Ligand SMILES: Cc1cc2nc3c(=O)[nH]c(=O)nc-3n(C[C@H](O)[C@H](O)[C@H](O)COP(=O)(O)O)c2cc1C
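Next comes just one chain, in structure tokens: the form predicted alone.
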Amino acid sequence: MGGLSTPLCELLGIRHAILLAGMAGGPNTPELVAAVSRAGGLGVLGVSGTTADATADATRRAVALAGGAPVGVNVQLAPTTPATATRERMLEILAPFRAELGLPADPPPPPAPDPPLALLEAALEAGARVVTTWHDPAPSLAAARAAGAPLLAMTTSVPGALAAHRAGADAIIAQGAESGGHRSRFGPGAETQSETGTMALVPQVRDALGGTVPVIASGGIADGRGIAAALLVGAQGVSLGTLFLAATESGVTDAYRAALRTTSPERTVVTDAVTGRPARWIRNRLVDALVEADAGTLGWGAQAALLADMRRAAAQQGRTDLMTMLAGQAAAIGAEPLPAEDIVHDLVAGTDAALAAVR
């Protein structure tokens, strides 16, 4: 097998063991998903926070554009969490920024999304062939099995990996501390886990599972060198998010893409202050204000909803000082705006070169 042809490829029906991370909320357009799949990887559509009809439409478009290559779907299954702050206090912190964006002091509630399992079922009915999950995968198992779709569960820890395997996951995405995404913490000790780096987490997850379950590395990987390192410590593939934010098919703004090119690891921070659950964000005026206020949040679900109109307005106005921008610690390594197919081809070539250098 070549450097990026591993047993994972047979499980997923792909040529290269490269997965697009399921970035919901706009970055993973059907065009981006399809381009990654056409290039031989697995494009994954993030569908959380939307409706079943919108999910079905986006999935059908991605499948049509993928030219017969498989397309995956990602769902966020974490339950809502209780508030640790009052709405009045949060609005007080946000007031000056809302005024700058020309928004009312108190936003109206956004439309309620459909439940995650309804989104998953809509995507599978529309042609998605692989399921990836964020949080405990158990609730999604029946739908995945009914559709004959492999189930890949993301976790940040060895206990989470063991719990996901017991729940029926076919492969584990080991999410390291360098990741830009929300933390998929579940299983024993989930709320007290410290962050573990990707290259330390992958071999421990692999060993804990006895080497019988494919492990996919995620976090801080942005080129062939990183993929080669992940393979050498026991991964059978990689799941990449931040790198594909810069792709020309991505749904992020040009201002966001430009910000990635100048984002050093020190200019990111892991916090729950933006959405109510820990994730890594590019530091700017808004994120710093939320972190420094140390006021708690309205909980997972309600906190993000409170900031929803600010997120849209800041993006429309190109205000990177007030945008909420997820990014991993390797953001600046591969932040050139290239077509996604070119990114995949460069990753394959870079991995082959890096592996050849150590053989």
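Since this is a predicted model, take the numbers as computed values, not measurements. For every residue, the number given is its place in the sequence shown, counted from 1.
Below, we turn to the form predicted in complex with the named molecule, even though it does not appear here.
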| query | finding |
| --- | --- |
| A21, heavy atom within 4.5 angstroms of the named molecule in the model of the complex | yes |
| Any non-hydrogen atom of L326 within 4.5 angstroms of the named molecule in the model of the complex | yes |
| 4.5 angstroms heavy atom contact with the named molecule in the model of the complex for T268 | no |
| Heavy atom of G220 within 4.5 Å of the named molecule in the model of the complex | yes |
| Stretch in contact, per heavy atom within 4.5 angstroms of the named molecule in the model of the complex, of 84 to 92, 120 to 128, 240 to 248, 284 to 292 | 240 to 248 |
| Sole residue of G72, G160, G276, G180 within 4.5 Å of the named molecule in the model of the complex, by heavy atom | G180 |
| Contact residue in the model of the complex, from A230, M154, L201, A169 (heavy atom within 4.5 Å of the named molecule) | M154 |
